[in-house]
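In the block that follows, a single chain appears as structure tokens, in the form predicted alone.
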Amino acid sequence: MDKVRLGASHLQVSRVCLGTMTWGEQTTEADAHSQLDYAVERGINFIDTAEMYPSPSRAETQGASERYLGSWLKKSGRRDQVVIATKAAGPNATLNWLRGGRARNHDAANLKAAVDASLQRLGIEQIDLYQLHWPSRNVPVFGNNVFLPKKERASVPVEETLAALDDLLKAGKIGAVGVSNESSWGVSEFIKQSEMKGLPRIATIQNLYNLTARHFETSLLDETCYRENVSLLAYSPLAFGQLTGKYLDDAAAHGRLTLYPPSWSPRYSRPATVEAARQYAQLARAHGLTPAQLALAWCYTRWFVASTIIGATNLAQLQANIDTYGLALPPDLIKRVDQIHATITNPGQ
């Protein structure tokens, strides 16, 4: 498994990252441990989690993903073999139980509380990569893809957030910082403030990227991140399983799109997304590939993707996802992918 350096940080991670969003909801602790054992054996050293996981987030299960990872670290003794990334949630009225009812924002008090709680659940002394799960300010995220000034709200200034992260870095509680679900302006502002104020420089951006959601290529983020040396961690490469083709074959197939409330992530069930998934699945099968192989190979081979975050509910899925790494897509297949994208552009964004 190839490794890549994240931004200007000291972190060297595998080009495939193991995601944990289902752990504690669809995935048991024992199965999570089996996934970790297998992933490390296959050369994956990068694990991504979040304080609010598993999803969909509930007070009863919140933090389980971090706890499962923590219990594996204690049992396996492999802390020095993995790079651990986790995330602090931003403002969200539905998470009024998180952090004991705190404001759930990116000020010093909130970030310290979030980091301390994550460290305790993980059972470690330092989080290698600490990320802001979504911005404090008004930004269209999670399927809301149009910026609306009328939704402006009070937010924590970027420089204040960076100063809080600087304190956590100096305390040795985190090793590097990143953002998630960010815009080109946001990345530029974080860089500007870090340079002006001598504050930590972000190393990564964890954003949505898959065949139905290629906004990263057209929002100036690819150039911004390239020139500012910010590494993309691509999440949801299979679009909640829509790009595996399983829902095309059986609309009631077991998975997130049938288990979770329809309102939780409707972008993957939009008619245009389903039609795009159908065309990509047909294209993959015509080239002797599974739909999942096409979707994952697409992300694995994009020049601007540093690491692709894959999730699995069982070992068979994880094995298939990892096995796709190294698969080269022929030029004619890439051309046809772009043709479909031009006809049905970013329906899952």
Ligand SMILES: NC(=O)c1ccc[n+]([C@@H]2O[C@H](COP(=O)([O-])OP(=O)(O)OC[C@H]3O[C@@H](n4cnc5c(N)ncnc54)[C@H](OP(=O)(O)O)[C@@H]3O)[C@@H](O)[C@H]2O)c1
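Owing to the predicted nature of the structure, the values given are computational and were not obtained by experimental measurement. Numbers follow the displayed sequence, beginning with 1.
Below, we turn to the form predicted together with the named molecule, even though it does not appear here.
Though the named molecule is absent from this view, in the predicted complex it lies within 4.5 Å of a heavy atom of just one residue from T301, Q26, T61, S34, which is Q26. The contact residue chosen from R121, R99, K173, K87 relative to the named molecule in the predicted complex is K87, the criterion being a non-hydrogen atom within 4.5 angstroms.
Figure note: of the listed segments 237-245, 189-197, 275-283, 74-82, the one touching the named molecule in the predicted complex, with heavy atoms no more than 4.5 Å away, is 237-245. The named molecule in the predicted complex is approached by Q206, whose closest heavy atom lies within 4.5 angstroms of it. Interface residue remark: A39 is not counted as part of the site for the named molecule in the predicted complex, having no heavy atom within 4.5 Å. Taking the partner from the other structure, the named molecule in the predicted complex has no heavy atom within 4.5 Å of any heavy atom of L69. Interface residue remark: F46 is not counted as part of the site for the named molecule in the predicted complex, having no heavy atom within 4.5 Å. Of the residues in 311-349, those that come within 4.5 Å of the named molecule in the predicted complex through at least one heavy atom are, in sequence order, G311, A312, T313, Q317, A320, N321.
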